[in-house]
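A single chain, nothing else alongside it, follows as structure tokens in the form predicted alone.
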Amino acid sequence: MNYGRMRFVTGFLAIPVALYVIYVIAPYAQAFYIAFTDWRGVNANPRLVGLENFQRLFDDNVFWKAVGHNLILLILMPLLTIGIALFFAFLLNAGGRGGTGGVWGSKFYRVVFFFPQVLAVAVVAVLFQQVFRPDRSGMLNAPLIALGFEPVGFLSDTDIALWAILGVLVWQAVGFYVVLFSAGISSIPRDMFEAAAIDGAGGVQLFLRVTLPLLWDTIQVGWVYLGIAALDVFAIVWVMTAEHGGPDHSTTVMAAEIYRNAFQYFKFGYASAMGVVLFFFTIGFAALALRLSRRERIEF
């Protein structure tokens, strides 16, 4: 064994690993410890309460509402985002005649689709607050009012608010995945599309038989990232909605309840218990998604 080389590699890894332990592993460990205490953020000597915080979660209806909303977003946000992004990415890269190129102006459209990624999340939330306003200044309600219809309370109706939030999340995320899938499609040899087109494959067959199988690894990564984003959504809900998760907790999510309990109610121990649950939800989803979507790799 080359000990000189080992020392060289260890020397390069020591600082990054130390920083990772200090700024990632240690805060996680601290959060796990706080979850077993009654710490309120100000007392120097928190009292250990065992599993009491986790037992309280079972009777917390608001928390379980938040879990339900996160699960809805977890299912629908990746499904809608990936479906729309795949459609547009295919059009921009292989939607031309014979599957040999994208539609006219595809480079310009890539820039347009990616634009929402340039905006900060808080800016997106404030922007759509104005879009969803229930009066004549709202972009969606203005034409309805002009036509004589009643304005729709996109963010004030408990039956609609969560779907409005979902729409904003998908709108913001689609552009990035259009670019990601476009890069994946661009790496597929043009010969494959040309050969399939010569054999009589239409646009739908090109997508299902050529593009989708060869892009599966990229789709798998996108699905995991979007699932984690759906579980971690916070800023859009906190900024856009009434009562930061309202009305009547109809849009609240786990991250919002963690923040509320920690920084409004000063129940840091209870909030940390919620954080631990969210941590295992996220890890469990990532592991399950990677396991279920695993398939034989196609070489090209």
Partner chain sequence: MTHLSRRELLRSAALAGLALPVLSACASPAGGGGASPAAPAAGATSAANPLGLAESKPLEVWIFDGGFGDSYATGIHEPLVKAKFPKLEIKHNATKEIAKTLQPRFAGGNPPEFVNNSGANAMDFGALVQDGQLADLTPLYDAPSWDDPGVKVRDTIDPTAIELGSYDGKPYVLNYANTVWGVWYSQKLFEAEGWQPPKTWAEFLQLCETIKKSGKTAPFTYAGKHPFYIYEAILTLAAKIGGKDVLKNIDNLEDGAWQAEPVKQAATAFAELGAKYLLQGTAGLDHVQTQTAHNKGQVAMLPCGSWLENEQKDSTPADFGYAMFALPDFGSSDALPYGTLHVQPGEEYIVPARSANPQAGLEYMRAMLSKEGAGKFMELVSTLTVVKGAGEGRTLKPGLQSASTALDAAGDNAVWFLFRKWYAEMHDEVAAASGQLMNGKLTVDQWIERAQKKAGSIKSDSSVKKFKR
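Residue numbers count along the first chain shown, from 1. Because the structure is predicted, anything quoted here is derived from the model rather than measured.
Below, we refer to the form predicted together with the partner chain, which is not included among the displayed structures.
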In terms of non-hydrogen atoms within 4.5 angstroms, which of the given stretches 111-119, 213-221, 157-165, 71-79 touches the partner chain in the predicted complex? 157-165
Quick one: from Val233, Met240, Ala66, Ile34, grab the residue that has a heavy atom within 4.5 Å of the partner chain in the predicted complex. Met240
Would you check, heavy atoms only and a 4.5 Å threshold, whether Ser187 touches the partner chain in the predicted complex? no
With a 4.5 Å heavy atom cut-off, would you call Glu150 a contact of the partner chain in the predicted complex? yes
May I ask you to check whether Tyr265 falls inside a 4.5 Å heavy atom distance of the partner chain in the predicted complex? yes
Might Asp135 be said to contact the partner chain in the predicted complex, defining contact as any heavy atom within 4.5 Å? yes
If you apply a 4.5 angstroms heavy atom cut-off, which residues in 52-69 are near the partner chain in the predicted complex? Glu52, Arg56, Asn61
